[in-house]
Ligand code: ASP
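Form predicted on its own, single chain, as structure tokens, below.
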Amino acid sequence: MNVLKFGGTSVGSAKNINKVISILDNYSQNNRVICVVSAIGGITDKLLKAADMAQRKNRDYILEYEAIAEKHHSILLELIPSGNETISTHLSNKLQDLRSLLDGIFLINELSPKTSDKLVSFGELLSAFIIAETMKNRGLDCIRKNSQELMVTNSNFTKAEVQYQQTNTNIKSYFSEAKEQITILPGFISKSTNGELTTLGRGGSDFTAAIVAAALKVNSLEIWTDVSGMYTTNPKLVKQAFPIENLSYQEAMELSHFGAKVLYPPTVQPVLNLNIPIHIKNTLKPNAIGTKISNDFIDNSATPVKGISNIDNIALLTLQGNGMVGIPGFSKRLFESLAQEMINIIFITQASSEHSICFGIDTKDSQLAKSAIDCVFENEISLHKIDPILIETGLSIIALVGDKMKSHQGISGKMFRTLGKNNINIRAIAQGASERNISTVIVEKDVKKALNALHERFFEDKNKQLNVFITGVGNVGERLVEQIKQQRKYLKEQLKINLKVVGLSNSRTMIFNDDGLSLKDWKTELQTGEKATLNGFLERAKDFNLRNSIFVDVTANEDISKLYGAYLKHSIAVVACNKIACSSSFEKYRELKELSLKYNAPFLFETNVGAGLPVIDTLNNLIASGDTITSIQAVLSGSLNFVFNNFDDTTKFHDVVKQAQKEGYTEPDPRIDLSGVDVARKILILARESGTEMNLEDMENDSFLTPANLESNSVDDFYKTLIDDEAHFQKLYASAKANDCQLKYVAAFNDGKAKVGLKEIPQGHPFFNLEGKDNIVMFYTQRYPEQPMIIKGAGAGADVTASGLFADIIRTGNK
């Protein structure tokens, strides 16, 4: 004999009911089947809503009733299109009884627990009737049995306690005589020893099925729902979650208690002692393996954690005061006051100092709990021995569950380290001596991030997901997006990094997808995006609250650089090619560094100096290893190097600068490059990274431009002055040629001072043969006092700058 239970979503439509009937028909070919059914999906809530309206004298309860009636009639009509007059009449009569009950509630303006039980029992009675009649209409050997004639309880309405001796006798007696292959039982409903209608409380249909399975000692109990078993965590919040093939009873109860809605914890109890396995199956995918719950399996899973679950809408209450220390009875009085108000305690923790007791309850009960506790401890509060109860709301509980956790060291450490790295604050911690469950209280808005981070840590084969927000998709930004698109497969397979671009923005529009943008046609998608604002982009990144979030600034916008601190404060890493932030005031630079450390959010800006060259990374490694920088000599402008490598007495300076801008070697405003400000910012950043406190105004900038060039009011005006001052630039070239030198714009840092300016470089110097757009940096240190460490290569260009940004993104993933 098989016992199967089908939940509300499984019987929520004619289409799904047909699937249920197909499953039952298949099972009945080889064995007798007992099928316990819930109310049609959503009907119980509608019944309670209609009753609440009626109690409050709101005549809209009639509309709610009519929606309930229409739902049942439409499903019946779809299941039995013709020849259903008798069945439809019986259904109408039952629905009329429901209408009469609602009318009565409206007239007396009262909804007692007893009446509530009678009301909600209609859901299961109606669904069982429709399913049984449909099966009989199709020629299946089926009968419907009213569970109220089997399940005997006390009179604790809305959550009645089962009288097992009489209930088991009834079940055994009935099924010893029943001959039909399929028996349909409405779940959840029962009768008291006095013959009054009762219900078994939340999850009562599961409970009904378990009671029947235990009474008949069947081989297994099957719970059919709309998911393929119990998942490693909530699949609605964690896309990578997957069904758990095997669980122990204890693990299943822990996961069920902490939010896994496919199973109601008391369900396990009737079958636990008899070791009757429970199978969680998917009505929509009946061939899926699902989850088997038993103690008869060998757990060979690689991780000791079997699942991660959560409970939302938690209020954390704290009773504290010096008057509690060493005084017995406080806990007894506290918990008795809650028990008298029928308030369930979900979470408890107490420090060994005995100065405080902290516990979690459902938020809806928090004010009632506070009133009860403050009343019980009124005397102690008035004497200032203890404080009035403190309440924190907007919280959730996250729990790691697994039988094998007790034999593995460091599980809690990994859990708290993972949460800490994602800046998720832990409000309270509880762990039983069995070590089967480690629970933490966190802010509810961090639940999705916490579940994803923990799931990645314990279940995803060491893969790490990076969620990237990119602002600025011009020349460099476009190359970065394309590089990411091209390399995603390699990153996942070789580096175990799952990189997702979740936000893109240019100056006009922005697009987002917290599951990751496809990048197949991102340019077209961006054209139709929402209007872009700097704060709007920041707020969306904050609202997504994704683990391992990275903001990438591919602009030269000062306003964007002012938002870096806001990103870092929300544990969003910042990767920037924008040099403004790191070359602004030293106080701002130091603040960003401190925020990066405080909120565990990397702040990387390798492309500020040398585009894709590992200049800053090498400098940081030298210092981290204990070396000291004594001097830096560098050519740091790929654009200026390109200009002076292509300028001679056969060209015009204006034309070479135009060419450099056209090929993407200069900023959109070439004055930034040619004025030396850009190079000054770069050597300033290197000086700061070397440990020197310095500001831009402390540097000497020996500009080679004319006053007219420097005082130009626009880019067009600047180019005009270049034409007018061509003789000046030819004079610079002629001097260098006469001295058999090359013109190079050099940055130098010595003895705590920095300088930039155009120099005539003689033959034999490392800078002399620097070609094209190449940069070169020479670090003189205590370890490299005479022969410097030299870094040389392309220091400008969209592709190499994009690759530098890409490297910083990957670097954040390794931190």
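In this text, residue numbers run from 1 along the sequence as written. Bear in mind the structure is a predicted one, so any value in this text is a computation, not a measurement. Rigid core here is just the name for the largest C-alpha set that superposes within 1.5 Å across the two forms.
Note that the form predicted in complex with this ligand isn't included here; everything after this is about it.
The shortest heavy atom separation between A54 and this ligand in the predicted bound form exceeds 4.5 Å. Proximity of R202 to this ligand in the predicted bound form falls within the 4.5 Å heavy atom cutoff.
Within 4.5 Å of any heavy atom of this ligand in the predicted bound form lies no heavy atom of Y745. By the criterion of a heavy atom within 4.5 Å, S28 is excluded from the residues contacting this ligand in the predicted bound form.
Contact annotation: of the candidates A50, C35, A39, V777, the single residue with a non-hydrogen atom within 4.5 angstroms of this ligand in the predicted bound form is A39. Picking from 749-757, 61-69, 39-47, 762-770 the stretch near this ligand in the predicted bound form, with a 4.5 Å limit on heavy atoms, gives 39-47. Contact residues in stretch 113-132 (any heavy atom within 4.5 Å of this ligand, taken in the predicted bound form) are limited to E124. Remark: with the core as the superposition reference, the CA shift of S294 between this form and the one not shown stays below 2 Å. In the core-superposed comparison between this form and the one not shown, the C-alpha atom of S596 has shifted by less than 2 angstroms. Superposition of the core reveals a Cα shift of 2 Å or more for D117 between this form and the one not shown.
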